[in-house]
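Here's a solo chain for you in structure tokens, the form predicted alone.
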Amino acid sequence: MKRTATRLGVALAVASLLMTGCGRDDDNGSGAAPGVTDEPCPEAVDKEKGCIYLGVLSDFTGVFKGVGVPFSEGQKAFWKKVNEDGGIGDYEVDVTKYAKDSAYDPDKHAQLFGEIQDDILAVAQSLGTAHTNAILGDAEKEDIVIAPASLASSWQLVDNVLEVGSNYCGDAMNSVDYAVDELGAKGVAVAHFPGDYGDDAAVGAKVAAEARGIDFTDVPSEPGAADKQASVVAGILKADPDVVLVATGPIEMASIVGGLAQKGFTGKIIGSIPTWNIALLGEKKLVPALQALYLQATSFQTWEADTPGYEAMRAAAGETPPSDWYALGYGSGYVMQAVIEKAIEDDDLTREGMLNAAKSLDGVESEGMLPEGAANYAGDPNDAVIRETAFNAVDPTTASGVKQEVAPFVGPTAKDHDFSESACYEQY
């Protein structure tokens, strides 16, 4: 088993399943579980099929709307294709009816989850680490599976969270190792949001810096453009590092890069995956600094990747503007699809059946959209965690504005780190 979880009332749940059954023929039109109905989806392709409703808790108006909007559009495109190809068994899947904007506010995220939790089978997207943690307790009580739009180092320790990709902590470790081995760095500074996301990267960088014997400087940031980042830039310059890691939003990263460039900084600035957005190319005066200084740390490929999954994604996107967040949203669907298919195969399309199906997965065929080894939820957490990181450089000639510059690698710190003990951000 990947992880162990204590569940209250298992005997009652099993008894209930034995009494009510699991298939469409055993209910009166309300479905085998919350979020499963015999009635067709609102925009059904085949009105003879029932509907599986998945919840979406994203950011359409807040600091990470540049992630949430295209990510959600990519998910819609994935499930539209699945439905057009015949759905899953007797069902089609809907990710629009219960899509909510939490505006990157953990409290609102929890409130909205409470509003939809009785009507969904699972959560197809929960954007934000603190935000997902805000709903995790209630989700665990109800055996609701969550696919987070977040890469925290805690997710491999939680049964009902379907993490994919390397985590912020491991990416930061690899970034420091790269800085030492390839750039000869003697000091590193980390500018980061407070909270689970930023702290995860900060702890990873600190662990690696200590392991490699270089100076480490912690520079907390907060949401906001240039006026909010002036003190961050000053703190970085005072520390005089060779390399700067950034775990903020795109606007904050751009302000930090611009501020450092104006002061003559010539080292590398490596950002966690959420720091990039193609919209930054619209800031023409900033583009030369981004090209010269910035790298994005990620374990995912870019929009133009030559794989069957990316080819299908681009076809589904049509005239939609290219975005690697759209691609990630699309790619995340492969995992939830595999869980639903396994639950149906097990004749247990219930929340508990979905959780059991997720825990049995030892990988998923994503047609090249997800990193190798993704979705191994049956494995030991430390063995299953994805440790590779690649670096993308800014390239305005590409579809998504970035192009892989450093191929995926695993540095010595991430290679040896035990990710099964606790989340990195809990050590901050």
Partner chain sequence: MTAFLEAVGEGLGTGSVYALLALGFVIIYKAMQVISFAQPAFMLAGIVLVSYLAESVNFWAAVPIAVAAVALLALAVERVAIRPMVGKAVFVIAIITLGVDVVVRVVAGAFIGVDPRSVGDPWGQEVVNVAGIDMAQRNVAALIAMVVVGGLLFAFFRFTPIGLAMRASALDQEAAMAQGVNVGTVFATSWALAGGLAAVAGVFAATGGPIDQNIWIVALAALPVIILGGLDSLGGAVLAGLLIGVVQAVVATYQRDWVPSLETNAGPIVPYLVMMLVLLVRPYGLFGTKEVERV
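Positions refer to the first chain, counted from 1. Because the structure is a prediction, the values reported are computed rather than measured.
One more form of this protein should be noted, the form predicted in complex with its partner chain, which is absent from this view; the next part is about it.
- Not displayed here, its partner chain is kept clear of G89 by more than 4.5 Å at the level of heavy atoms in the predicted complex.
- When its partner chain is considered in the predicted complex, V69 lines it closely, a heavy atom lying within 4.5 Å.
- For D347, no non-hydrogen atom is located within 4.5 Å of its partner chain in the predicted complex, even though that partner is not displayed.
- Among residues of the shown chain, T266 is not one whose heavy atoms approach its partner chain to within 4.5 Å in the predicted complex.
- Residue L280 is the only one of L280, L157, A292, A338 with a heavy atom lying within 4.5 Å of its partner chain in the predicted complex.
- Only one of the listed residues (S255, S150, S299, T302) places a non-hydrogen atom within 4.5 angstroms of its partner chain in the predicted complex, and that residue is S255.
- With the partner left out here, its partner chain still marks one of 327-335, 174-182, 208-216, 226-234 in the predicted complex; by a 4.5 Å heavy atom cut-off that stretch is 226-234.
- Contact with its partner chain in the predicted complex, defined as a heavy atom within 4.5 Å, is made by all three of P220, G259 and Y428.
- Residues are counted as partner-facing when one of their heavy atoms sits within 4.5 Å of its partner chain in the predicted complex; in 46-67 these are T61, V63, K65, G66, in sequence order.
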